[in-house]
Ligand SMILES: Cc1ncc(COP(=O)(O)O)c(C=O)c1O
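Presented below, as structure tokens, is a lone chain in the form predicted alone.
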């Protein structure tokens, strides 16, 4: 069996010809993980715990079936790319209430998305000019959700990686980016709460970013998929800070969120894009050509999900209990500020993942698979693993106990 290309991006920071762009990307993390574990037989006496993928495994919210059944006739009609009025208004209402906004226009500042994976990838094609005299940079945290890298490279941008390490508190250091890079930046991907580190951006960090965006004329794309999973205070959002700064119309801002984590509905593939009306219009035009449109019945379910907070609170309680249970059993470290991932330091992520599967029948993801090599060949995720706490507190505690027993 041929080993998948291990590089997240084999030639970072270089100008890539269009016909070569796809070839520069390595295999997707879960394809690499599958290959890594090929041929390893886990202990037969231990039930498998899959903490590799961030796929919530919680009970279906009670309104899903009823809402879907009541709108089945919508499958006989083409959905609009923009999204149904009922969904966009539900999203607008949720954003207004969640972040204390004075309002956001459902008609001009909100789009439906087929989950944020699609939107986070496609937005690069709306914001990057691959024919610019100087190839534009797309900034992103490192480690990262790998869709950022794929979107940037395939849109013709040059990825610029911002190391997020223990030394920085896992924050992307804005001050470390040279002015020459900022000057050529098309946009920056922000992820708060962070996948995989759990870092949450503070207001001051956003204010510094806005100052740079205005000075150097670039846009901000904020991935807020884990906004409703946190240990203490609800995380601040990009639009919230923008309004507090008096940025009328959320200039330079695009925010993306989905029901995959918040409502434990990853299979529905439903999310939204919101923010600057001019950027929304440009993105909407692109998406009319690429064709993504969530089926009408699922948009009605999504509208119901954004309008209900009871199920979100139940999920949050489970995630908090799971994080607390894990670290109580692990007896080291503390829960991340946000998300349901634990980002654990180990000697070598790949070696640990193999040993964990072989010795304890647990699947975890090597941190290097969520990171990219910088120009010096350093990968900030190499000495980490990511484990997803998606099966409740008892499994989280059991996972911690087994991780402690792994030897490499």
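Residue numbers count along the first chain shown, from 1. For clarity, every value in this text was computed on a predicted model and none was experimentally measured.
If you look for the form predicted in complex with this ligand, you will not find it shown, but the lines that follow are about it.
- Considering this ligand in the model of the complex, the lone stretch of 165-173, 143-151, 198-206, 211-219 in range is 143-151 [heavy atom distance within 4.5 Å].
- In the model of the complex, no heavy atom of residue 326 sits within 4.5 Å of this ligand.
- Taking non-hydrogen atoms only, residue 255 never approaches this ligand to within 4.5 angstroms in the model of the complex.
- In the model of the complex, no heavy atom of residue 84 sits within 4.5 Å of this ligand.
- Taking the partner from elsewhere, residue 226 is found to have a heavy atom lying within 4.5 Å of this ligand in the model of the complex.
- Here is the short version: of 155, 111, 120, 239, the single residue with a heavy atom within 4.5 Å of this ligand in the model of the complex is 120.
- Think of it this way: in the model of the complex, this ligand has a heavy atom of just one of 260, 322, 92, 71 within 4.5 Å, and the residue is 260.
- For the partner-free chain shown, just 269 of 265-296 comes within 4.5 angstroms of this ligand in the model of the complex, judged by any non-hydrogen atom.
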